[in-house]
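The data below hold one chain only, encoded as structure tokens and taken in the form predicted alone.
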Amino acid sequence: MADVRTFQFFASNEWHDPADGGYFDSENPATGEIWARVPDCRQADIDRAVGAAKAAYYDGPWGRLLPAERGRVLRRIGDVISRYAERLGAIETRDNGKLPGGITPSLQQGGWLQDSWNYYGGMCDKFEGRLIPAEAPNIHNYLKWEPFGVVSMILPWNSPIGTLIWKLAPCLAAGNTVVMKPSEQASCSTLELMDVLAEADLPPGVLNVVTGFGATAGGPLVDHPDVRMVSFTGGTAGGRAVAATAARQVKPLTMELGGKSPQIVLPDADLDLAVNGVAAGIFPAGGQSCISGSRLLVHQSIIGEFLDRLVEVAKKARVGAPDDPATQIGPMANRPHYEAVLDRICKAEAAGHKLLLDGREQCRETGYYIGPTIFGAVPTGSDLAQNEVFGPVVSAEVWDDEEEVIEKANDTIYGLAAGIWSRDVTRAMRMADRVEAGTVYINNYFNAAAQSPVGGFKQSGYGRENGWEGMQCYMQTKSVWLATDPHQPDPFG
């Protein structure tokens, strides 16, 4: 236990032990060893963090900063994060098994994570109000945008810092203060980020982090009366619970939830492009991404050749420890999820689905490793085709005509993303219009940009992150009626 690191939670620019002294352990998924102790925050700690955020908004300088001044702060944050990208990436790798390349190069090379800070730093003073033509003499009616105040953010375990930056940059640009609750399965990189951001010189209470479990930390945070808006990323079941809690006080929400994203391969597709694209859309992150293209829909005329090629590509993937430069697929992020993915594979095999590549062969005595897994001839209504696995597992279905494949693609509760592979761009665009998904990729997959909104249809969530829409979600409109020549007649005269 000598190498175990103990973290504290963060409120008002200070580190604190939990009020009741409780901690829980964090495992390194590459080895299964405990490497950190994390505060098990409860109500008193939530009150402290929310109180700090409230004071920063109403009493501190943050709530009085001009938009252009906020923009300069955001760009400063982006510069600090870029300088410490390697340190943050190392913590995230140790905490959830994410390959270092999943965060570090994108930050160090000016990728979209730092772009978010520059983009929203420039947008701070671009949200303009407007004058409404009022049907009354000597009356001006104008609209203005305002922040909510204290915003709570509930983060997932698969990509804590990346997800946080998508939320945090537009939220701060809008003028809010924040209390974050990372997943109990991956809390440490968010805490490390707060230590790094000391160099950004933010006023006390603008950023706060509490850690712990959903029932004792996440729920009380969402339910806190001084929290005015909630942003959640996670599974659909968790989203339903958060929405139910927030509804008690009619709090606005943005939610990015689960997905079962279809990859539609047309008979005229460039097979090399499509096979590589499908593999890249599910396997490198171990399938641990909400938009993973885990549901493969291939035309009957090419499905045999396509699956043969996909299996050969997937077999080449090097599964191993995330600190090994040769590794291409790291471990599942935590033990409960590793066991859940293995259980889903076993159940799919028991259901009679054709197993073309078995990732269980990559399992080891230590660490939570599963290799690429491919099932063929999967019925559309089956559990494997309908429900999110969140692992390196592809289910393949066959189709014959366009109407059929659109119906199959939309036959799910989810609508987060979709891929279409075809040389006929006109046809692909026509199909994209009919697919029920917040993001549709044509002849590519997994692209993202700070200026392009991301979000789901149906039970994949609502609200958007990134782009103008992402900042709008963290603001509310106020309508002001101004009498330029005040005169109010006696209503009873």
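So that there is no doubt, residue numbering starts at 1 and follows the sequence shown. Given the structure is predicted, the values throughout are model-derived calculations rather than measurements.
If you look for the form predicted together with nicotinamide-adenine-dinucleotide, you will not find it shown, but the lines that follow are about it.
Interface residue among 286, 97, 259, 262 relative to nicotinamide-adenine-dinucleotide in the predicted bound form, by the heavy atom within 4.5 Å criterion: 259.
The partner is absent here; in the predicted bound form, the one residue of 218, 205, 359, 281 having a heavy atom within 4.5 Å of nicotinamide-adenine-dinucleotide is 218.
Residue contact with nicotinamide-adenine-dinucleotide in the predicted bound form: residue 376 places no heavy atom within 4.5 Å of it.
Not displayed here, nicotinamide-adenine-dinucleotide is approached by residue 155 to within 4.5 Å at the level of heavy atoms in the predicted bound form. nicotinamide-adenine-dinucleotide in the predicted bound form comes within 4.5 Å of no heavy atom belonging to residue 331. Within this chain, residue 235 lines the site of nicotinamide-adenine-dinucleotide in the predicted bound form, having a heavy atom no more than 4.5 Å away. Contact annotation: nicotinamide-adenine-dinucleotide lies within 4.5 Å of heavy atoms from the stretch 225-233 in the predicted bound form, the single such stretch among 377-385, 300-308, 197-205, 225-233. Three-residue candidate spot 293, 398 and 435; no residue lies within 4.5 angstroms of nicotinamide-adenine-dinucleotide in the predicted bound form by any non-hydrogen atom. Residues of 323-343 include none with a non-hydrogen atom no more than 4.5 angstroms from nicotinamide-adenine-dinucleotide in the predicted bound form.
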